[in-house]
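First comes one chain, alone, set out as C-alpha cells in the form predicted alone.
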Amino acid sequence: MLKYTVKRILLLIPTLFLVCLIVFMLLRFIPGDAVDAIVTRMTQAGQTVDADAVRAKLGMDKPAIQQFFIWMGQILRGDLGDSFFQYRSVQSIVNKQIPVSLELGIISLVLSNVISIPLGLYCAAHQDSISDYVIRVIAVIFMSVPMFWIATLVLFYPAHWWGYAPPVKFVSFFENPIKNMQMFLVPGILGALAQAGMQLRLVRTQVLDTLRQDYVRTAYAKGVKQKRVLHHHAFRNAMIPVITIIGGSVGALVGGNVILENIFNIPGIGSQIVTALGQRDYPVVEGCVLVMSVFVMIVNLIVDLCYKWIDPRVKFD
C-alpha cells in the first residue's frame, strides 16, 4: 500500500499543473479583464488613469505564457499572489474564507449522513413496504428539486409572513454560537437534503444486494438477529460505493456550496470566487481554485486508502 500511496502522491504534481493551466487559460477567455474593471471604476470616481500603466503594474503587459510561468514560480515559493482589488494577499483571503466554508460543509455532511444511512438501512430491512416507498419518493424529490429554488422560498416566505430573515453578518461559532447557528443551520440542512437523498438510495441498493449473498443467508440460518446482520455483515460490505459518494461530499467541503453561500450571504470561499470572477480578480480566483483542488485530491486519496480498511480483500496495484 505504501508503493500505491507514493505513486498517487507523485501523480498529484502533473494533475495540479493541468488544473493551474486550465484555470489560467479559462480566465483569460472571459471577455474583459482586471484592467478594464479598474479603469472603469476609477473613471466613474472622476480619476484619470492610464490603462497601459495599470496593465504594466499588474504584470499583464507580458505574454500570457510568461504570466503563467511567473504565477507557477510564485506557487512553488508558497506565494499565491496579491488581490487586484482587496489590497491584501490571496493567502490571507483564503485563510479567512476556508473556515466559513468548512463549517457550512461539515454541517451539511454530518446531517446528510445522519439522515441517509439509518434511513437507507431501514428501507433495505423493510423492502417494498409502504414506509420504504414513502421514504424513496421523498428522497427522489430532494434529488430532483433545484436547491436554489428551495433556498429562495426558505428566504422569502418567512420574511413575507413573519418578517424574519437570517443574519447577514458572519459571527464565529466561538463568539456567539446561537447567532452562528441562525446563519448556518438552514443552509446546512438544505445542502444536506440532495446529498442525503442520493446516499439513501445508494445505501438501500447496496445493502439489498449484499443481503442476497450466500454468507448473509448463512448468518440468518444460524439464527443471527436481523439487526446484527444488517450492521455487522451487510452494511460494512456495502460501504465501498457509499464511501466513494461520501468522499465526494468531503471533497466539496471547501467551495462546494457556492449557490447556498451566495443566497444566504455566507462569506465563504465559494462566494469569494463568484465575487472575484465578477471583478476579474485573477489571483484570487486562481488561488481559491488551487486550494480547493488540492483539498479534493487529498480527500480522494484518503478515500481510496479507506477501501483497504473497509474490505481487506481490496488490493492496490
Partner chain sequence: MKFWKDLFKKKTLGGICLIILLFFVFVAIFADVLAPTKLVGHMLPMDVRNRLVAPFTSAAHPLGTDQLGMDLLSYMIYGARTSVILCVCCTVLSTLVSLVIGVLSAVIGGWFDLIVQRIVDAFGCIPQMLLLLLMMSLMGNGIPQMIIALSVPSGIGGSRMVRSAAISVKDSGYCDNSDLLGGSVLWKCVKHVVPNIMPLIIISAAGSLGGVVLMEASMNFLGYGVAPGTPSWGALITGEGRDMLFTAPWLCIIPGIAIALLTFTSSMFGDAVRDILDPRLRGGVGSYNSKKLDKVVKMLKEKEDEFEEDMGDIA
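Positions refer to the first chain, counted from 1. Since the model is a prediction, treat every value here as computed from it, not as a measurement.
The same protein also exists as the form predicted in complex with the partner chain; that form is not shown, yet it is the one meant from here on.
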Listed residue (Leu111, Ala125, Ile243, Val186) with a non-hydrogen atom within 4.5 angstroms of the partner chain in the predicted bound form: Ala125
Taking the partner chain as it sits in the predicted bound form, is Asn180 near enough to touch it, meaning that at least one heavy atom pair lies within 4.5 angstroms? no
Although the partner chain is absent from this view, report whether Gln74 comes within 4.5 Å of it in the predicted bound form, heavy atoms only. no
Is there a heavy atom of Leu27 no more than 4.5 Å from a heavy atom of the partner chain in the predicted bound form? yes
Contact label in the predicted bound form: Asn237 to the partner chain, heavy atom within 4.5 Å: no
Is every one of Val6, Leu121 and Gly247 within 4.5 Å of the partner chain in the predicted bound form, counting heavy atoms? no
Looking at the partner chain in the predicted bound form, which residues in 285-301 have at least one heavy atom within 4.5 Å of it? Val285, Val289, Met292, Ser293, Val296, Met297
